[in-house]
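Only one chain comes next, encoded as structure tokens, the form predicted on its own.
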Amino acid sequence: MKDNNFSEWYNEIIEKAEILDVRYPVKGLYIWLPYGLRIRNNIISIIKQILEAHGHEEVLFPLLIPENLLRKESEHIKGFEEQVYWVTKGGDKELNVKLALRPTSETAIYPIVALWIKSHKDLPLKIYQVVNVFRYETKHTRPLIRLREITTFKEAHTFHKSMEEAEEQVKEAIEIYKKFFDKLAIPYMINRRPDWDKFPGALYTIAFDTIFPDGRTLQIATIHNLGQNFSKPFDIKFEKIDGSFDHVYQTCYGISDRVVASVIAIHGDKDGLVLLPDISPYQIVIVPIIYKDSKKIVLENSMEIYKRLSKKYRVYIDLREDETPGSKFYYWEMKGIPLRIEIGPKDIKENVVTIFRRDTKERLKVENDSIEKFINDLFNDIYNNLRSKAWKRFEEKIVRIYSLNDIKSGCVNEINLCGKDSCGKYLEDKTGLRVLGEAIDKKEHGSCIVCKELTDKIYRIAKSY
């Protein structure tokens, strides 16, 4: 079902695995359920750790942005003006200044940072926050993919003394996201977005895209070099070593709920979620196999193993008496728990436990005394297996194309394109596919697929969400 009707499978998993409740009475807004929120929080903790290891500090700015600030960078607001939600009243009184629900936070953060930065000694400054943002999404909304309230918006903002430092920060941001997506075993391609599709106000935009089982791509992260395009209108200046003044150079980069969508879509199978040990709410579930004449000894042994493993892992013991072992197995497989430990009277007699791997669905007999070491090795193997399978499926969906007649709609097509807007837009109109951008990691001499001009640039085009 996942491969044949991905959309139906995805919506069913969101509901059955208890990720979201989609019944909130405002289109494009959803409720995180406890299980889904724990997955989300575990993912967010990973990116926070990586950012802070690279010198970023967490902040939290207000949701409301005065209209005059939002309009201060003209290209930026032009890119978002059709998506902004406005607050015009406080109670029954008209506000003197309209307030926007942040579509993104540049215009909220930068006037305040202008008060913080005075000297070259204050630079570089690297901050980030994880917040909700609101965008009036007019396309078909889809849980975690196209939202009107993005609840997991991680945005980083950095400030530098020179364009060279800003360029180095873009490279660091690429490495940050590589580490992050590698940790989640999410395969990715990295493209420089065409100029007509860059972030409003940026000099250029770098994007990470992944491929979903239906062949469509999903943008999962973006990195923007802003140059001085925001520091000049917001007057973010610093005193240089020689006593003169200059405006700072900036970058920003973000991820969203789409990371959770990617984890679900890329690793899940026909039976539900398949979660990595690092992000699963429970890494291990213990299911005692109880018979009337052995209930006491099975429960005692199960609790003893539960206490042992809980010192190191996130463990849940399923003691529900109104469910059969089979229904418990089905339930936890749908939830994607990496390992299930089954303990019955026969296992106790043999001094073993039965371990079920969610990723391969193998059952393994393990000696009681060796469980901890075995699980540690198994977690590494689960990660490596899921990562390997994900990258294999990803690479199978990328094709090298040399003629417009050979372009495939269910794949990512790699083509020679000169880079002119006219050729890119012609290609989109002709094929109905989206130009994802120029591959930053690939060159090959050839002729532009549209105008035949010689070029070594490789562009990627595909159907996208």
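Residue indices: 1-based, along the sequence shown. Predicted model only: the values in this text are computed from it and were never measured.
There is also a form predicted together with the RNA; it is not shown, and the following applies to it.
A.B. asks: For the chain seen here without its partner, which of 337 to 345, 201 to 209, 244 to 252, 261 to 269 has a heavy atom within 4.5 Å of the RNA in the model of the complex?
C.D. replies: Looking at the partner contacts, the answer comes out as 337 to 345.
A.B. asks: With the partner left out here, check for me: in the model of the complex, does some heavy atom of residue 385 sit within 4.5 Å of the RNA?
C.D. replies: Taking the distances in the model of the complex, the answer for residue 385 is no, it never comes within 4.5 Å of the RNA.
A.B. asks: Closest heavy atom of residue 289 to the RNA in the model of the complex, within 4.5 Å or not?
C.D. replies: Looking in the model of the complex, residue contacts with the RNA include residue 289, since a heavy atom lies within 4.5 Å.
A.B. asks: Does the 4.5 Å heavy atom contact test between residue 356 and the RNA in the model of the complex come out positive?
C.D. replies: Contact check for residue 356: yes, within 4.5 Å of the RNA in the model of the complex.
A.B. asks: Going by a heavy atom distance of 4.5 Å, is residue 445 a contact of the RNA in the model of the complex?
C.D. replies: Taking the distances in the model of the complex, the answer for residue 445 is no, it never comes within 4.5 Å of the RNA.
A.B. asks: Are all three residues 4, 64 and 215 in contact with the RNA in the model of the complex, where contact means a non-hydrogen atom within 4.5 Å?
C.D. replies: Heavy-atom distance to the RNA in the model of the complex: none of the three under 4.5 Å.
A.B. asks: By the heavy atom within 4.5 Å rule, which residue out of 196, 116, 330, 391 makes contact with the RNA in the model of the complex?
C.D. replies: Contact with the RNA in the model of the complex is made by 330 alone.
A.B. asks: Note which of 48, 400, 408, 27 lies within 4.5 Å of the RNA in the model of the complex, where distance is taken over heavy atoms; exactly one does.
C.D. replies: Checking each option against the RNA in the model of the complex, the one that comes within 4.5 Å is 27.
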